[in-house]
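Before any questions on how it binds or moves, here is one chain, the form predicted alone, in structure tokens.
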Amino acid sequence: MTDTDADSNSDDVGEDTSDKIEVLFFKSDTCAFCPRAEEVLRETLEEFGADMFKVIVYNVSEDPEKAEEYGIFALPAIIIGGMSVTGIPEPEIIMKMILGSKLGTRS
């Protein structure tokens, strides 16, 4: 899976990511639930095919402005296609967000 930390270079530099679904994951160094939420997210994305996604991870401990920019007030948080969920998500919720984002991009 392509993974981009907000404070590091993208692993998919030079790769066309325009057709990929953008997944934003917000975490913190002090968040007890963030590691499990990230694990559920990654496992769910793998079921769809990791090459379909561009994952951007924001560590709000290092970049609190990003949380404010996206209106994130609780962690962990995931945004896919304009829809967001906080806490440890059920895989079914992530799947619905992915499908909703795909339907929203149809012309």
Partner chain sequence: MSQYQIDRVKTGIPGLDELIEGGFPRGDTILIAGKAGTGKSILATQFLYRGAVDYNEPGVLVTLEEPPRLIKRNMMRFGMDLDKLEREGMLSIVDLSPARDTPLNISEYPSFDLSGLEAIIMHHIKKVNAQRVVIDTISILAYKFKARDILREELFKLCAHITSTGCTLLLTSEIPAQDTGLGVFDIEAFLASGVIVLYNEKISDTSRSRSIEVLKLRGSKHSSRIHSMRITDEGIRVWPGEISPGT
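Every value quoted in this text rests on a predicted model; they were computed, and no experiment measured them. Positions refer to the first chain, counted from 1.
Just so it is clear, the following notes concern the form predicted together with its partner chain, a form of the same protein that is not shown.
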State yes or no: in the predicted complex, is some non-hydrogen atom of residue 70 no more than 4.5 angstroms from a non-hydrogen atom of its partner chain?
yes
(Q) With the partner left out here, check for me: in the predicted complex, does some heavy atom of residue 64 sit within 4.5 Å of its partner chain? (A) yes
Is residue 41 a contact residue for its partner chain in the predicted complex, using a 4.5 Å heavy atom cut-off?
no
Residue 90: touches its partner chain in the predicted complex, heavy atom cutoff 4.5 angstroms: yes
Restricting to 79-96, the residues within 4.5 Å of its partner chain in the predicted complex through any heavy atom are 79, 82, 83, 84, 85, 86, 87, 88, 89, 90, 93
